[in-house]
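Structure 1 and structure 2 below are two forms of the same protein chain, each written out on its own as structure tokens.
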Structure 1
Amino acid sequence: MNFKQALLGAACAMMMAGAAQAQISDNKVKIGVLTDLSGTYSDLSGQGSVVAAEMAVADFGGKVKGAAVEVVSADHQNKADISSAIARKWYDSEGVDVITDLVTSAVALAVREVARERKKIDIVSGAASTALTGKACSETGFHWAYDTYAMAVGTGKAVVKQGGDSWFFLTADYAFGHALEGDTAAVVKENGGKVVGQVRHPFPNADFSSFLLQAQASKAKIIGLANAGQDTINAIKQAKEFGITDSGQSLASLLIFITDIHSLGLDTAKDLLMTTGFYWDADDESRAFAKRFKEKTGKMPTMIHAGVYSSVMQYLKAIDAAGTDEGVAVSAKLREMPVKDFFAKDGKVRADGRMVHDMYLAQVKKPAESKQPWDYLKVVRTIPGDEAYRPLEKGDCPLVKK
């Protein structure tokens, strides 16, 4: 080969490489983790979600279609207006291709609208409202780790079947709490129970005394906690201080995470029923991920952390399959591809954006049953994905053909 031929060959190779990368905007894929870094939900999502996203990127190889992958993060402070402003800035001027985590339903719903307008992708692992796969569903929107329907089907149904047939709800007064209360109340009634009342508390909240006294006065067998994070921890601790559980009433925590159990301690949390999409000690794959995560964060991952990892990994696989990071094309691939990882053994993404996977009904161990740090749960039942999640035709998602 002479010099001119070699030069021509090199130029062709460079042109081909440029064409391959031209399908990736800015020659970079940028993943935004928008989460609660300082408030009520920071322990169960927060910095752990940033770490989980970074782990997924590293495990994928740090590049997709030859383009570098970068993770950025921000604190939405659990406020819809702040989250919308960050999302607009990220999508419009900072090259962010996808926003994930999105703990707090009001935040997730606000970002969903920003993403929809720009045909950008949002993948929710932190928030729970079923509205995300209902009337607020989007061509480029996804709901990954869990939702309020799954929590109700798991914990609510199990508690009623164990004899807890009269309920009073203590509910966080925003979209998530309302959805969790509504979904659980429906399950309670469908299984022969009744709802005797409810009270709404501010979000976030520190003093639950007046709300707990109303719940106690209701004489309901079950006080359903339709809240999460530090609100749940505060409510459970104060209920114990008031002697509510000693007087015959029981608490049903409808959304509780392993980090909450860690904060409460097994003496306080023992025997609580809970529903989760992930438990670190479920199998070898889960343990391997959890060990690496704990080395980086000092704690075991929640289902939100595991969900963020799973969704970011699947997103990168979808870009690789689509050959582009354009939102609509990648979204189509996300709906086509099965999800097979330590989080979802046989997951599938429906037309409404719901990633359907098995959930688990678990019970918190007594102190004597725990054999090592973070050994907090025993799985009572695996709930098949198609049972755990709301039927597709019942969600009122405009994308679903009637």
Structure 2
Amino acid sequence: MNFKQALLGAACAMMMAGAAQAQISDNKVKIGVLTDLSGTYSDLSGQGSVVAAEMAVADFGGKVKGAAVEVVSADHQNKADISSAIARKWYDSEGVDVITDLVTSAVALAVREVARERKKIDIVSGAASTALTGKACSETGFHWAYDTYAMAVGTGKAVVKQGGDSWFFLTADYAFGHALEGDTAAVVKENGGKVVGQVRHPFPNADFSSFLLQAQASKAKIIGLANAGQDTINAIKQAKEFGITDSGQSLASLLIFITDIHSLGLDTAKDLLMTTGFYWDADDESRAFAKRFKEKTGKMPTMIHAGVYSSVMQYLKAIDAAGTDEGVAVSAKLREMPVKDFFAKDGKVRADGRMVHDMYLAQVKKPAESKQPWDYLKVVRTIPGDEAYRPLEKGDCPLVKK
């Protein structure tokens, strides 16, 4: 190659780079991880989600279309007003292009409206509410890791099929608990089971003995826990203490994370059925990701952490394919491109923003079955994505043409 050719090549390359860069606003892609860094959900999302996002950016190469990719994070304290204020500041004056994690349904729904007004992207992995792909769906909004419907279908259906056909619900007395109870009760009835009663407990609540006794008196075969976090941990711990799990009644926890199992210990949590979007020990790819994640955080990733990684990676691929970071264009690409990574083997994004992927029905191992630290679950069944998630037409999402 002579000097002239080289110069021409370099000039061409520069022009192309310049052209591509012009499509990336401020010549930078900024990913905002808005999460609970200090409260109830800080273990199952929190700092781990920030690390997961950074890992995805590093694995992508740190640059997309020649523009640097940066991860920023903030603590929303599980409050809707704080989170929408941060989201406005990020989108309007700090050049943030996408907000992710968004644990806590009230937070996710508040940020969804801020993002919609600005045609900016939000990808929810943390929150569970199906409203995000229902009435509150948006052209630039996505729901990645799981939702209450998938939890209800996964655990509810499996338990009824195994003979657990009468249910009593212990429900946290706020929107999330009611939604989870409602979704699960519907699944139980659809599959031929019946709901014999429920008790709504205050949130948060430390002592469950009274409620457990009521559940015991109901003679239901299954006690469904429509709560999360410390409430779930306390309920399971005390159910064992009161001999409920040893006397024939079974617990079905409708939303539980591997960090909760870690906190309970296998002796207390053993045999519990749960649905999850990700398990670190499922295959070689998930193990490889989990190992790297654990080196950075000291913990195994939850499905939220894995979901954040997967969604950030897919978002960067979509920018690469669209050649721009403009919200609507990238959203269109996200809906087109299949999701293939360690989190979603064969995922697809629907018109309502739901990323449909296979879920796992898992059972907590007995202490003797656990061979190494964090070896907690055995996968009982892989639930195909189309069965796990609410059918598109049933969600009342205005974007879905009927």
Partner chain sequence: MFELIGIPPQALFGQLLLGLINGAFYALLSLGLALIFGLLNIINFSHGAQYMMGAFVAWLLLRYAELPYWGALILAPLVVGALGVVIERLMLRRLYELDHLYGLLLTFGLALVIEGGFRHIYGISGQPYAIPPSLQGGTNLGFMFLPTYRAWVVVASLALCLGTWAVIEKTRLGAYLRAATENPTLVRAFGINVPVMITLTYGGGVALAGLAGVMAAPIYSVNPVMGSNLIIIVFAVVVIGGMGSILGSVITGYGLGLVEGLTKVFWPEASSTVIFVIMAVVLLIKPAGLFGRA
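So that the term is clear: the rigid core is the largest set of C-alpha atoms that superpose within 1.5 Å between two forms. Because the structure is a prediction, the values reported are computed rather than measured. Throughout, residue numbering runs from 1 along the sequence of structure 1.
K.L.:
Choose between structure 1 and structure 2: indicate the form predicted together with its partner chain.
P.N.:
Answer is structure 2, the other one does not fit.
K.L.:
So that I can tell if L213 moves, could you say whether its C-alpha shifts by at least 2 Å between the two structures after the core superposition?
P.N.:
It does shift by 2 Å or more.
K.L.:
Return yes or no for K291: a CA shift of at least 2 Å between the two structures, with the rigid core superposed?
P.N.:
No; K291 is a residue whose C-alpha shifts by less than 2 Å between the two structures when the cores are overlaid.
K.L.:
Which angle, in degrees, describes the smaller rigid part turning against the larger between the two structures?
P.N.:
Smaller part versus larger part, rotation angle: 13 degrees.
K.L.:
Following alignment on the rigid core, what Cα displacement (Å) is computed for F242 between the two structures?
P.N.:
Between its two positions, the C-alpha of F242 lies 4.5 Å apart after core fitting.
K.L.:
How much does the C-alpha of S166 shift between the two structures, in angstrom, given a rigid core superposition?
P.N.:
C-alpha displacement of S166 between the two structures: 2.9 Å.
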